[in-house]
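In the block that follows, a single chain appears as structure tokens, in the form predicted on its own.
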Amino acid sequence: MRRIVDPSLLSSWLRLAALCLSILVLNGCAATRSVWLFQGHPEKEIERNQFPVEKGDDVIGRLATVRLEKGDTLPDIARHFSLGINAVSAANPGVDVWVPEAGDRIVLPLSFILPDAPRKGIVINLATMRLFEFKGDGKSLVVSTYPVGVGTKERPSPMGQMRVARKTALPTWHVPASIAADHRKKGDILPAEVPPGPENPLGEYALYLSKSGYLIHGTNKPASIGLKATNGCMRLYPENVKLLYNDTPVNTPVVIVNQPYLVGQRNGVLYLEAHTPLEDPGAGAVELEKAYAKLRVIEKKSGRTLDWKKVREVQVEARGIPVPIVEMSQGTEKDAAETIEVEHPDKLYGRPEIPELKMDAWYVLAADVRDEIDARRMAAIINHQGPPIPARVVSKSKNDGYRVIAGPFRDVGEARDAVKRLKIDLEIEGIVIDPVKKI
């Protein structure tokens, strides 16, 4: 089975896991969480992609909460609600990305401040890892928005003005020489081109930008959406890129910005939304000063006193949620902070399905682990590889630890390929188990 490895994906996941652990475990204290207000019974659905933009408003969408069930992972919750894993993790500090507690109620950050850019065509904010596509005019404006994966520190996504030069369904990936060289260093020889199919990292749809070498495209690694895990392109969930592809004419303008601090208004209330800046601390400081300058101008012109203590708290916490920062009456502030509760869906869209055990199939032993949570976490990470590698936790015996088993595979070739993928993608030393041996 041929596969295209994305070696930057593991490092992104590890950074995300390290951030969560540093908040909750290494500091030896519980993470601070706000109390989100909600009323009435849970709603069955919530809008997640398309919103009207009222004249004079900069804030769209609503915050929501959902109660986790056994077996949920944050990547699965993120995909179902069209959010990036970065957004869900930042909004819920201290929650384990891969093995969260069943019964916990987590925040779905489905409210966004629009980027400070012309509301025409496509605008991508790298800092928030979110794409916005505007349709209509000043009288009737609608925005469709989707989470994206963006470039790594070594191969960042471009910024500036460009356009959609052409579009292709079922694209062929012509492997750049630099990427082929990176893979060769890991013992992974890539072909000159990869045809359409499950091994193609471009997914099923691609929009080629006028800046040569950069695309907005789908992916065969949906768990990477909301991470800095690409070679500079912007990737979307498969279901989202299909909508964008069908809705975007050639020559649509594209503006890519990097705005970690966003200021906006809705219904006369002023909001601040803060995200952790990308790797360049200097650029983050510049963007922060721009936001502070904008707030000072608003304060002076409006004559309203801003809650500067809350401004600093929002900046430091960087939870990616629009927060009201104006001194308001109690009723107005309650309305501004109110969220809704959403019913847990019967089935999370895109959640990996694990085939049943088969005694005549091949498997791979990924690890022997003492702690059940560590075993479940490793299995969840393996399950979210792309293309998928099914994995499960098997209890060895009472008080004797757990095994993480990948499979089933049809033959020894598939099992060996999985061993290679685990080694290159996740630095896991797998061992092939033939059908004769007991799991």
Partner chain sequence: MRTNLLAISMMLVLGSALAGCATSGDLEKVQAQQKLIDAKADQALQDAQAAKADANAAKARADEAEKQAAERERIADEKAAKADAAFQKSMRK
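Quick caveat: nothing in here was measured; it's all calculated off a predicted structure. Residue numbers count along the first chain shown, from 1.
This next part talks about the form predicted together with its partner chain, which is not shown.
- Its partner chain in the predicted complex is approached by Arg235, whose closest heavy atom lies within 4.5 angstroms of it.
- Proximity of Lys221 to its partner chain in the predicted complex falls within the 4.5 Å heavy atom cutoff.
- Contact between His183 and its partner chain in the predicted complex is found at the 4.5 Å heavy atom cutoff.
- Residue contact with its partner chain in the predicted complex: Arg377 places a heavy atom within 4.5 Å of it.
- For a residue to qualify, one of its non-hydrogen atoms must sit within 4.5 Å of its partner chain in the predicted complex; all three of Trp173, Ile179 and His217 qualify.
- Note on the partner interface in the predicted complex: the residue among Thr145, Asn231, Thr248, Gln259 having a heavy atom within 4.5 angstroms of its partner chain is Asn231.
- Checked against its partner chain in the predicted complex, the residues Pro201, Pro100, Pro277, Pro324 give one hit for a heavy atom within 4.5 Å, which is Pro201.
- Proximity to its partner chain in the predicted complex, taken as heavy atoms within 4.5 Å, picks out 383-391 from the listed stretches 50-58, 383-391, 407-415, 63-71.
- Applying a 4.5 Å heavy atom cutoff to its partner chain in the predicted complex picks out Asp425, Leu426, Glu427 from 399-432, in order along the sequence.
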